[in-house]
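One chain follows as structure tokens, the form predicted on its own.
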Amino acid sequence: MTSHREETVTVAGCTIRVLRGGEGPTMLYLHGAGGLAGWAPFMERLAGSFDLWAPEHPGFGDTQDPAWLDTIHDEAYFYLSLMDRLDLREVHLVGMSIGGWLAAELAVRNTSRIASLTLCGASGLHVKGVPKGDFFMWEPEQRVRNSFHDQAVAERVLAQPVSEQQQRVNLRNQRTVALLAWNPRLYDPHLYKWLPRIDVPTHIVWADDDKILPLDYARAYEGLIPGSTVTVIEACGHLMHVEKPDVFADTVASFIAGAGS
């Protein structure tokens, strides 16, 4: 096991927790709507090649509710300030789901500290005629089942006991996701105009059985970000980092290794 530790960082008057482990080039991982549960198997694998930073976004988990948090743009500016505050350089920025949307919003504003960008099942765009799965309206069990291709994985997740504290965290995460992505649903109507500004190697990673954001959304990102490439993980659902952690981590790491060569 790669040793990891938990730290706190204060930026813009907001203190967040950060999980950190591994050695090598800096990787900043931005989590999705489910929050930052803990040091996950895919993180363990990535930490074998990178100095992995996994922060908990403002408004999620046990972090503070900053008065300035109203939109996904506020989260993006927070992370730009965090990279400045920590003087992170040549960062390999990886975002999952709503964290991918956040990574894209961050990158269109400033890539001076970013070496590469990886968007994994990223929300943030609207593709006319291609409906998203509306997880806001799904029952809890349906939300879990629709997040995976392999229903055996879904069964294992559903069988895990949920403490009262975790229930409170889940509700808080859902509230913050609603603040950021309720209306319009899971996208920024202006983001598409600025994605061509991204000038770092960009990798778009998607699952072939994503019931929340179909594969057409990966192609939409590819068409808007110059030079970007798409990798599709087969027989997998939206939460690819949970369903196929080793494949996911190796896919992310392989692109970064190639981009640096």
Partner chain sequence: MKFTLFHLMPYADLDLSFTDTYPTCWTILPNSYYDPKKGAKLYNRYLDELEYGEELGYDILAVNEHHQNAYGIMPSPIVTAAALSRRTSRAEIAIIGSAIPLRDHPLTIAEEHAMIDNITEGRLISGFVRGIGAEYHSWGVSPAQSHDRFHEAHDLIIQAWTRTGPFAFEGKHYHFDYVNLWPRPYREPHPPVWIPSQGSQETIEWASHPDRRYMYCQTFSPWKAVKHHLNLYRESASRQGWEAGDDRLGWLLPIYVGETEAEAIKEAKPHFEAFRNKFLRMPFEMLLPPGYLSLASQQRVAAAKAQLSGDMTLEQAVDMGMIVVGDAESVRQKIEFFWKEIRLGNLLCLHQFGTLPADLTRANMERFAREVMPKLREVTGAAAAAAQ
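Worth saying up front: this structure is predicted, and the values here are computed from it rather than measured. Residue numbers count along the first chain shown, from 1.
This protein has a second form, the form predicted in complex with its partner chain, left out of what is shown; the following refers to that one.
4.5 angstroms heavy atom contact with its partner chain in the predicted bound form for R175
Close contact exists here: in the predicted bound form, R175 approaches its partner chain to within 4.5 Å, heavy atoms only.
Verify the contact flag for V127: yes if a non-hydrogen atom of it lies within 4.5 Å of a non-hydrogen atom of its partner chain in the predicted bound form, no if not.
Close contact is absent here: in the predicted bound form, V127 is far from its partner chain, nothing within 4.5 Å, heavy atoms only.
Answer with yes or no whether D70 is in contact with its partner chain in the predicted bound form, where contact means some heavy atom within 4.5 Å.
Contact check for D70: yes, within 4.5 Å of its partner chain in the predicted bound form.
Exercise: Q160 in contact with its partner chain in the predicted bound form, heavy atom 4.5 Å:
No, Q160 stays farther than 4.5 Å from its partner chain in the predicted bound form.
Can you pick the one in R85, R109, R168, H190 that has a heavy atom within 4.5 Å of its partner chain in the predicted bound form?
Of the listed residues, the single hit is R168.
Using a 4.5 Å heavy atom cut-off, which of 98-106, 76-84, 177-185, 145-153 contacts its partner chain in the predicted bound form?
Comparing against its partner chain in the predicted bound form, the contact stretch is 177-185.
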